[in-house]
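What follows is a single chain, given as structure tokens, in the form predicted alone.
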Amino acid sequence: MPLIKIHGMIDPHTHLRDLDWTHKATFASETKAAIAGGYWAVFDMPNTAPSTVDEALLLDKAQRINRSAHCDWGLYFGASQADNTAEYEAIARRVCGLKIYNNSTTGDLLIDSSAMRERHYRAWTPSKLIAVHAEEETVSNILELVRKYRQPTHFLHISSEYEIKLLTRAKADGLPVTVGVCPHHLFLCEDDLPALGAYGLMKPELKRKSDQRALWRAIRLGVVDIIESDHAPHTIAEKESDTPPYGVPGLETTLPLMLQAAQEGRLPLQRACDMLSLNVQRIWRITPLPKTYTLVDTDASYLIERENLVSKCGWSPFEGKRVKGKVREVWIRGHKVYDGETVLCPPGFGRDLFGLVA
């Protein structure tokens, strides 16, 4: 059984739900799913209900996840339309970063005013990165702010050839930017929508085959730094309703999909592993404690099936896809937390990685 060891997998782009959305998922259910997917830690986005846009809401959320999390965790603070920059000094050192939503998505955090975007860029500390939802021409607008303020900025879920061209040029110019891409944009495209229906709806939307090819080319050239899931569960009933929400789960399918891609020769195996672990650690300046790793059997082949998923939503846009690469064990801080079948650690085992909880 050819086992490989991946040290400290992190997904820096998850929507764990909970709070007013416990019917979709909970901190407990989704951190269990993270461990089953091979992850040591996950970072949760602020467009929850309620949104994480002031210190009181942030601390309440931190206390809740601290009681429930099976894996280690961090939280983003959300930039607000109402201008919450006065909060930044108190909370910046205790979160994994600031999230700015510059294009339409789930929640009420959209900031489409150039002046307000600049206000947030000017106020945020350069010691922590800004993570941005920016699509198409908005990427160019955000790059102007990066050029002006030299603020480290991570571009989340990049999905088009045009965006890749802009970011390739920005990196060549030495701007402090990093790039994340999601498996659903790498393995699915708009041609899959007739079969997927609402299960293929997410933000940014699935793109053309040419965009997909551009993403893979950018991975090979090193323009893309990390693979992030953008794990965003919704219930089956919601997805099959007349007004289905945007978002798909991904914590349990990201690693096997990337290992399958390595098996097919789309990228080197070590590069696939680094994009899920070392590169994320480097960008967020965080190092796993000793004996924090995932053991994966690269020869194990299986179908992605909903009955085997841990996430509370109980479905995947990749159902029926055969992958090669199965998580056999996960260890966190010297504790075996997954045996290939069952999550072994209790709720509350997960630690806050950035100091929100005393």
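From a predicted model like this one, the values you see are computed outputs, not experimental measurements. In case it trips you up, residue 1 is the first one in the sequence shown, and so on.
Just so you know, the form predicted in complex with a small molecule exists too; it's not on screen, but the next bit is about it.
- A single residue from the set 47, 26, 292, 311 has any heavy atom within 4.5 angstroms of the small molecule in the predicted bound form; that residue is 47.
- Residue-level contacts in the predicted bound form: of 91, 146, 166, 232, one residue has a heavy atom within 4.5 Å of the small molecule, and it is 232.
- Contact check at 4.5 Å (heavy atoms) against the small molecule in the predicted bound form: none of 32, 66 and 351 pass.
- Of the candidate stretches 116-124, 79-87, 259-267, 243-251, only 243-251 has residues whose heavy atoms lie within 4.5 Å of the small molecule in the predicted bound form.
- When the small molecule is considered in the predicted bound form, residue 128 lies well away from it, no heavy atom lying within 4.5 Å.
- When the small molecule is considered in the predicted bound form, residue 154 lies well away from it, no heavy atom lying within 4.5 Å.
- In the predicted bound form, the small molecule sits within 4.5 Å of a heavy atom of residue 203.
- When contacts are judged by a 4.5 Å heavy atom cut-off, residue 105 counts as touching the small molecule in the predicted bound form.
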